[in-house]
Structures are given as structure tokens and as C-alpha cells.
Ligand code: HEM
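Taking the form predicted alone, here's one chain by itself in C-alpha cells.
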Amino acid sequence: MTPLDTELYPDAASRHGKTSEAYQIARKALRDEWISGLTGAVLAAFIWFHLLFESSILFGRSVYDRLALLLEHPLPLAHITLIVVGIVFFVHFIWASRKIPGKLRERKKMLELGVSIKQAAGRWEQDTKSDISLRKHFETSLWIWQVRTGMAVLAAGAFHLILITWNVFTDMGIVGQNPGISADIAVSRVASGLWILYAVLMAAVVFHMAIGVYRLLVKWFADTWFVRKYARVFYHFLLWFFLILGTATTIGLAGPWEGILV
């Protein structure tokens, strides 16, 4: 503790000095926010480029394969990106999961909160027996959906990372198949029945990404030069642009819309 030299309290100590417990708790909280925020920003940027790359299937397999070749020659960018994204993905989950209700009672409370907000009118009208009394609130609703989509992204995203790692680094046990990304493998993977998983993953990733970017902007830039109104506009742009693009891409990889733009 930092000593305070005063006449009344010569041995008093500051509760807000750099060695105080309050300061250390605040410093750790800020560090955790930086880690979860920076890793989230990196993943958001990756999602943008990843969905744009995958959407090349709408121009045909040849375009997809040419772009895939650029990611593997002359540098193995696909391998490096996969390793980096895998590490960032799990680091982000570990640090961001501290905000997810851990106890069953807390999760039930979150579900009740979501129902209350959904059913609420513009006034304070909820069940009088509940200790939750909130009207519709944009940021609170986003937080609830961020938690929900985060769980879906963790489960489906981890499976996808494992599958892609197997694809990029090995021949997947298929004789004559070369390791790496190709349109044939991507299309066959989605069209084989995994399109349902990828549709769910795509929707969850886009929602989670758009909400995460919005909350980062509000947390660090709102009420400065970047007002909250602009953050909302950017949120809706990211959500609908990548949701439409991701839906078209999933359909393209499943077969029906492959090469539709050429």
C-alpha cells in the first residue's frame, strides 16, 4: 500500500495506489478486456477475408482454385493462417468466456432476461413475480445473442478447424489427393451433407462477429468522434452484407449456385 503522510493519519495507506488491491483488480480487468478485444478483432478481420475468399465459388471452381493457389504458393499462407487463427480462436474463447454465466442458476436468469426483453413493450411491463424488470434494450439483447452464438461458434467452429487442419496438412487418407485447399474438396465437403452444419456455423459466426465489432466500437470509441449511431449503422452493414454473402456462398458450395456469377 502507498503510505499517506498526514497529521491525522500518519500511517494511513491509499486504497487506490498502484500496489492496492483495487488497482490490481482494475488492471487485470483492463488486461483481460484488451486480450479478448484484440483477439476478437483479429478473428473478425479473418472472417471478413475468409467469407470473401469462399464466395469466389460463385465465380466457378477455377477462380476458387486460383485464389487457393495464392494462399499456398510461394508461401504456405494457408498453413500459417490456420495455426495462428487456431491459437487466437481458443485464446479468445478462454478470455471471452469469463463473461458467460457459469452456473445453471445464472444461465436460467439470462434466459429469463432474454424472454422479458423480447416480450417487453416500450414501458416497464414484465412479470411482477420476477426480480428482473427491464424494457427492451438494444445492447442487452446483443449481449444475450453474443453469448448464444458464441456457444454455437465454439462447437461448430472447433469441428471446422479440426477438419480444415486435417485437409490442409494431410491427404485425409484418400489415395491420390494432395494436401491443401481446393474447390473440389470444399464443394464435396459441403455437398455431402455438412451444409447444415456450415449454414448454422455461418449464421452464428456472422451474428457473433457483427455484435462483437459493434460492442468493441461502443466500448472504446463511442461518444467520441465515432458516435454510437455510426456503430449501429456499421453493425447492420456487417450483419446483412456477410449474412447474404455467406448464405449465397453456402448454397454455392452445396452445388446449386456454383459459378452463378459467370
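Only a predicted model underlies this, so the values are computations on that prediction, with no experimental measurement involved. Note that residue numbering begins at 1 and tracks the sequence as displayed.
Absent from the display: the form predicted together with the named molecule. The rest refers to it.
*Heavy atom to heavy atom, is Met151 within 4.5 Å of the named molecule in the predicted complex?*
Because a heavy atom of Met151 falls inside 4.5 Å of the named molecule in the predicted complex, the answer is yes.
Taking any heavy atom pair closer than or equal to 4.5 Å as contact, tell me whether Lys28 reaches the named molecule in the predicted complex.
Lys28: no, not in contact with the named molecule in the predicted complex.
*Just to confirm, Arg61 within 4.5 Å of the named molecule in the predicted complex by heavy atoms?*
Answer no; every heavy atom of Arg61 is more than 4.5 Å from the named molecule in the predicted complex.
Is Tyr198 close enough to the named molecule in the predicted complex to count, meaning some heavy atom within 4.5 Å?
Residue-level check for Tyr198: yes, a contact with the named molecule.
Worksheet entry | Three-residue site Leu142, Phe221 and Phe234 fully in contact with the named molecule in the predicted complex at 4.5 Å by heavy atom | Result no, not one residue of the spot touches the named molecule.
Discussion item. Using a 4.5 Å heavy atom cutoff, which residues in 29-47 contact the named molecule in the predicted complex? It's fine if the answer is none.
Written reply: The stretch 29-47, when checked against the named molecule in the predicted complex, contributes Ser36, Gly37, Gly40, Ala41, Leu43, Ala44, Phe46, Ile47 at the 4.5 Å heavy-atom cut-off.
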